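Take a look at this one chain, the form predicted on its own, written out in structure tokens.
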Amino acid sequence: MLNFAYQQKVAVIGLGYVGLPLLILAAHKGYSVLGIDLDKERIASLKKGKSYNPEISDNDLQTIFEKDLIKVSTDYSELPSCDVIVVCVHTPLSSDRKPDYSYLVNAVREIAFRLRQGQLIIVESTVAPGTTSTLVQSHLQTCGFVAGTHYFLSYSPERIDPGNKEFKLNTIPKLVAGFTPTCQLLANKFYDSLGLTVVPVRTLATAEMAKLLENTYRDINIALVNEMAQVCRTNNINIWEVINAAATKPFGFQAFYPGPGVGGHCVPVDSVYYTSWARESGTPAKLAELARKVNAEMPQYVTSIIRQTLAATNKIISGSKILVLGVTYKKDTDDVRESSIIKLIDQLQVEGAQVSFHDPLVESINTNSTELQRITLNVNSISQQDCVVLAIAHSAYNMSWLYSVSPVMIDLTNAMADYPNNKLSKL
């Protein structure tokens, strides 16, 4: 039975925004850790002591490596020496916008090939209810071992929120479920040894569903305010003032804000995992499906606002020079996964606009079939534009300066709420 002494070895598979912080935390707690990722550039960066995750500093990374408690590799061969294996691989959407379990299946197959008795396997990747007990377990048992007897299987959904300065990995409660009570007990002890607040959940499916609820809840509420923003704009009502007024109610209301869509590694993906699973199970999640549709169509709606704004200056989108400020999915992160801003740029390009972008945290992006490089932000580069779109209000931006040098602006963030409307349009 595992006792989680510090001489034990922990492997983390998938060193993205979820896996790398967990790897570093385990090393800080005295574990010998092995990080595995098939992205050779990530591994090379880590070996040089260079962090690609804004949550982890280069200094923190280098300190851990100097203690000789951490090893990173693209190779799975050392998995048999690990007592705990945590799977944090990406579960994205496929090109046809359906759940893609290929990364998870590949990782689990590699584990199964090397599985030894007594190991604790924990899945943190987002999955539909039943996936851990069926898909994951079926691959693991190909070696002849039985979950709960020869090895231990658990599910604990990740809850990382990149860029959130208040809630970090070590301050967010950890939902934990197990294939058997013993599986759950061991997983509880592991996360407890990392200093995390453990919340036991009765079944694997409950823990899997809880993660989908958390983010589908956000998708639906954002869709509500996005739809309401459109209604308010048509009727000359300021949606931001409406939300601020409603937020004064001390109960029964949580503020969500409109924008050009919903991006990131969780909300737009997890809601699809939920709606796809619900439809396959025979009970379509109609509200969630509609919310996803509303949010997915926001880039087209923002394009219509740009079209109206240009028309007021006797211009059309085709041929116009449009500068987009901010392309990440949220403020003060460098994450562009599922970015609705890139989808907006795609739409503008399709309509013939000459689009350029600036983002203090992103050097280049792929749009349609082209790659755009970040432009230098100065008076000259801005004055050449027909329209400037503030899509993400990064802290690095000087709003007063941007407003003063821009010919025409569209603010999708409400960061310029107090600026005159003579050359400013708002969502």
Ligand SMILES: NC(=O)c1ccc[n+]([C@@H]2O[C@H](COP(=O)([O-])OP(=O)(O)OC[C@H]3O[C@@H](n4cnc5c(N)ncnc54)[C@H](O)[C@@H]3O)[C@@H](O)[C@H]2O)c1
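Model, not experiment: these values are computed from the prediction. The first residue of the sequence shown is number 1, and the count goes up from there.
The same protein also has a form predicted in complex with this ligand, omitted here; what follows describes it.
This chain is displayed alone, yet in the model of the complex one of Asp58, Asp39, Glu371, Glu66 has a heavy atom within 4.5 Å of this ligand; that residue is Asp39. Residue-level contacts in the model of the complex: of Lys189, Lys315, Lys343, Arg337, one residue has a heavy atom within 4.5 Å of this ligand, and it is Arg337.
For the three marked residues, Gly14, Glu158 and Cys266, a heavy atom of each sits within 4.5 Å of this ligand in the model of the complex.
In summary, the region of this chain contacting this ligand in the model of the complex, judged by heavy atoms within 4.5 Å and restricted to 31 to 39, 372 to 380, 355 to 363, 391 to 399, corresponds to 31 to 39. Heavy atoms of Lys211 reach within 4.5 Å of this ligand in the model of the complex, making it an interface residue. Under a 4.5 angstroms non-hydrogen atom cutoff, this ligand in the model of the complex has Asp270 among its neighbouring residues.
For the chain shown alone, Thr180 is not a contact residue for this ligand in the model of the complex, no non-hydrogen atom being within 4.5 angstroms. Residue contact check for Pro129: none of its heavy atoms lie within 4.5 Å of this ligand in the model of the complex. Using a 4.5 Å cut-off on any heavy atom, the residues of 83 to 116 that reach this ligand in the model of the complex are, in sequence order, Cys88, Val89, His90, Thr91, Tyr103, Asn106, Ala107.
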